[in-house]
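Heads up, the chain below is alone and in the form predicted on its own; it's given as structure tokens.
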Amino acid sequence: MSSLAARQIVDDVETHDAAQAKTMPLGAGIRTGAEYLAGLRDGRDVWSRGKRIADVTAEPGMARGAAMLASFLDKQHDETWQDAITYVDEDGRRCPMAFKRPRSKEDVKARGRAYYEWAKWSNGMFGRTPDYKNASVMAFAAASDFLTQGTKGPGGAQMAQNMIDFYDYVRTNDKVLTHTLVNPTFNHARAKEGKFSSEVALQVVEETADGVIVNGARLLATLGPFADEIEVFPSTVLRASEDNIPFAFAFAMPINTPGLKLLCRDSYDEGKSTFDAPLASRYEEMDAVVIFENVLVPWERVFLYGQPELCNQAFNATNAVVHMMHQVACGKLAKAEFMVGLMCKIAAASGRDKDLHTKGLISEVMMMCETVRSHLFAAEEQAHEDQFGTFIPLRGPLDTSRNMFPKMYPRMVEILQLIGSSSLMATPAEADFHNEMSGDVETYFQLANLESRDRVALYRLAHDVAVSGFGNRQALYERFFFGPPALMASAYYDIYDKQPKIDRIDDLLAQG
């Protein structure tokens, strides 16, 4: 890139919301849903189904998902939930609980209760609620000493301060964040070696006095069109080599930054009623590939730069991954409970709750649910202070849960399919209760313990979980939530405390 082009990018950014991009002013705390939706109407560059979206809050296929998230933000102002999901900081601002730095085991438990409450509102089907990234940002700010090791750009001390400033900005302005970690794969063999391809991967193409200019793509940003800010953090498989220096960075920026584009998948919200598509009509959170076209990232927004060895350590060394796993485990518990409830409702409605085979299948799901609950309990009860003075849940149970749930959830869906059988397909539309077919529908779709309309509503819900495009996206999402299962299992093996167990074997063998 020429210096003239770089200067033009700098000029463009400086004319674009300089207060937000540069100074990151403190806000008043929690926002209303209306304030959140208004913030999404900011000229962001979002594309879907072959066209640019003028307003994600009004676009069919997106609007209802944004409105649902707005309703969650409104709950922060409701006395019913407010004390459970928010806290008051030292300056009197009420902020989301996920931003609170835990200083005791009770603080860890309070955060867990808040995560669980958020997850119950969608029964775990809105996977990327804001508390997930809030927990991550809190952890990085609390462990900002780690960032002081940086030696590139403005240096580690400034990078650490940038992180603290960003944390205070998003916390006091109640910003909704998404993130992106993964570079597109151009050459599988190179990617497997921890190297990225300059043809497609997001990389620094130039340094300027104002910041770094990045170009390339990242995937996959869940909630991208509905977020205020995006965290662009380092991949954890980045090899520490000179070749990878251009790919080593961590920064954040507003979604409407010039040159940042979101290319979305097809929406699973096809405009059906909440009766016909009870999940897809409510919880479409959208996923997007993020394209950076020579985007200037101001130095004030950079947290790590040019040091692959630090980037690789970032999530583990700061314990951000532990706080993120805590939020995830709470969400998976809510989701597992929902699956148990749905299957039990179907069994009771059809009278199959006395059938040994059916009860055996559902009990398998119940055991999965209680396994997640026990992992969560063990992690919170053994919370302890880390090296930065922050209390964290015990990692082992959470790590176990996050490795098991990607196997559990597809099995839950399979069991729902086995229980639902052809009834998952025998699902008239809501309109069929109001046309010349209504008499037939009322007669032929009743169950022993359920009227026809209630039966159809129940099975349409099960269909949305186990058969629909929305449901299949959920299953895929769970399989790869934290990464490829084989990579996750290998990492689990590496960090597991193996030596005491090996010593016992050695002791036994030494006895002769």
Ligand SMILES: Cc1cc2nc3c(=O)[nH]c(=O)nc-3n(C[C@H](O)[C@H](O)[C@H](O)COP(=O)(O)OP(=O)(O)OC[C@H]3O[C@@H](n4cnc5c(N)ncnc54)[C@H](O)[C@@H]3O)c2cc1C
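Heads up: residue numbers just count along the shown sequence, starting at 1. Just so you know, these numbers come straight off a predicted model, no measurement behind them.
Below, we refer to the form predicted together with the named molecule, which is not included among the displayed structures.
- Between 84 to 92, 244 to 252, 322 to 330, 173 to 181, the stretch whose residues reach within 4.5 angstroms of the named molecule in the predicted complex through a non-hydrogen atom is 173 to 181.
- Only one of Thr208, Ser374, Thr185, Gln161 comes within 4.5 Å of the named molecule in the predicted complex through a heavy atom, and that residue is Thr185.
- Interface residue among Asp287, Glu337, Asp269, Glu229 relative to the named molecule in the predicted complex, by the heavy atom within 4.5 Å criterion: Asp287.
- In the predicted complex, the named molecule lies farther than 4.5 Å from every heavy atom of Leu416.
- When contacts are judged by a 4.5 Å heavy atom cut-off, Ala347 does not count as touching the named molecule in the predicted complex.
- The named molecule is not shown here, but in the predicted complex it comes within 4.5 Å of a heavy atom of Leu487.
- In the predicted complex, no heavy atom of Met404 sits within 4.5 Å of the named molecule.
- Counting a residue when any of its non-hydrogen atoms is within 4.5 Å of the named molecule in the predicted complex, the hits in 461 to 485 run Arg473, Leu476, Tyr477, Phe480, Phe481, Gly483, Pro484, Pro485.
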